[in-house]
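One chain follows as structure tokens, the form predicted on its own.
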């Protein structure tokens, strides 16, 4: 009787998760979900805190519940390059790999649902649905990386900034403007600094600031404050970025 009660509690906990249906665990059957819940635990990371290091062995994987994770690649001479941003419900880590290929840091306050490596990989081998969902997400990340190659290699500075802001608008939760301002227009918090934007886009900080000012002058964006952006016309910003509008939905 106690075992049944615990299993029901575990399923209920995962069933109440806001990201479950979009995360890799959304493909699990009831008993598989209970098994995953038994090995999972939530962890919070403050802004700037290291989540995974490319110098440490892999000991856990995670779903991003909230916040943004910044992925960085370290070169042999110590230089670093931001190679990606992960949002809810992205999967953090690479299954069946003995080492991390990147450095993961909390861009802001981050909440993760973590799974010990050995237990998760064992469950992955016995759960075709979970394995398939993880494969699908890996292919989506590959497609996104290829699209970002086009942004970096072919687009102008203004198109790069517009593409980046469209990416954040698409992936971030829409939040109200600070200080009590109310608006039905898309509003989001920029999860990284201007310096990180420049690094991610292959631009200088000065160019990033200049292009943001130009987008404001064109009334394509508004700033609620230094980090909170409002987009009066998302379709127009998307067009400037050179994206197909359905990609934002």
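These numbers come from a predicted model, not from an experiment. Residue numbers count along the first chain shown, from 1.
Heads up, the form predicted in complex with a further copy of the same chain isn't pictured, but that's what we're talking about next.
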query	finding
Close approach of residue 203 to a further copy of the same chain in the predicted bound form, 4.5 Å, heavy atom	yes
a further copy of the same chain contact in the predicted bound form: residue 198, any heavy atom under 4.5 Å	yes
Non-hydrogen atom contact residue 152 with a further copy of the same chain in the predicted bound form at 4.5 angstroms	yes
Interface membership of residue 103, a further copy of the same chain in the predicted bound form, 4.5 Å heavy atom rule	no
Contacts with a further copy of the same chain in the predicted bound form, stretch 136 to 156 (heavy atom within 4.5 Å)	136, 138, 139, 140, 141, 142, 143, 145, 146, 147, 148, 149, 150, 152, 153, 154, 155, 156
